[in-house]
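Only one chain is included here, represented as structure tokens and corresponding to the form predicted alone.
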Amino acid sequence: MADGYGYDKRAADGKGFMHGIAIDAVIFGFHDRQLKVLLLEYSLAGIFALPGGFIRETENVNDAALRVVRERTGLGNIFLDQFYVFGDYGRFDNRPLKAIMQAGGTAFDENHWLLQRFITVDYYALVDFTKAVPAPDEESDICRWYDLDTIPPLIQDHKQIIAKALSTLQDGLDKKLIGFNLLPDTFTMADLQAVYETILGKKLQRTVFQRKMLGLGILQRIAKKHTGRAHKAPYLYRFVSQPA
């Protein structure tokens, strides 16, 4: 199937695309105090995978990653960061892709460009769960969110890719201001703490956390959240700067 630029990735020669290199995206959202990840399902083949794509010959790698995430979420303002390259020979297994192509009615032989060995440049994205509109690609049937503890078996090394993305988040919470794209425009300090606790997998002391966040100079206090009990209403905050 041809994309909007006239390239057909199902064509046997892969004309218009770089060969041997792909993009995989770990797209994180936050909802009901759960960190979620967006996955594709190829139901006819019984396969689950991270959203991914290929790089056009005239396209920057980062632009390809942004395109992949934008097409799966419908969002334009995306925090996106490259975190690793997976390229071990042991990850090469074209059987899942064969099953997907067969289920989709794509003719192929062993020389098809999609069945050759690929390394993958991996990105994680942080998006507002409430604004994302998950959309499958042309081969998959379903694109939806999964809690981290309910992820189904994935193809190749995609579960390792998610684990690496999560560890990268944990290592860079303060530097990247991870909550910026995982929360709505305004939020309480408890909401922000819940994001940190979910990503880190541990409880944080409330007063210590609040003192630390206010000391970073990145939050603007704007109003109290209406709860019907004015003296107990928590303050709302918003970020005053976007992560670099």
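Note that residue numbering follows the sequence shown and begins at 1. Note that the structure is predicted; figures quoted are calculated from it, not measured.
The form predicted in complex with another copy of the chain exists for this protein as well; it is not shown, and the discussion that follows is about that form.
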Notebook entry, point to check: Does another copy of the chain come within 4.5 Å of any heavy atom of residue 20 in the predicted complex?
Noted result: yes
Notebook entry, point to check: Do residue 57 and another copy of the chain share at least one heavy atom pair within 4.5 Å in the predicted complex?
Noted result: yes
Check: Going by a heavy atom distance of 4.5 Å, is residue 121 a contact of another copy of the chain in the predicted complex?
Finding: yes
Note to self: Can you work out whether residue 175 and another copy of the chain are in contact in the predicted complex, taking contact to mean some heavy atom pair no more than 4.5 Å apart?
What the structure shows: yes
Item checked: Heavy atom contact within 4.5 Å of another copy of the chain in the predicted complex, the stretch among 211-219, 33-41, 61-69, 192-200 -> 61-69
Next item on the list: Scan 142, 151, 163, 85 and let me know which has any heavy atom within 4.5 Å of another copy of the chain in the predicted complex.
Entry: 85
Margin query: Can you work out which of 117, 159, 95, 131 has a heavy atom no more than 4.5 Å from another copy of the chain in the predicted complex?
Written below: 117
Margin query: Where, within 196-215, is there a heavy atom within 4.5 Å of another copy of the chain in the predicted complex? Residue list please.
Written below: none
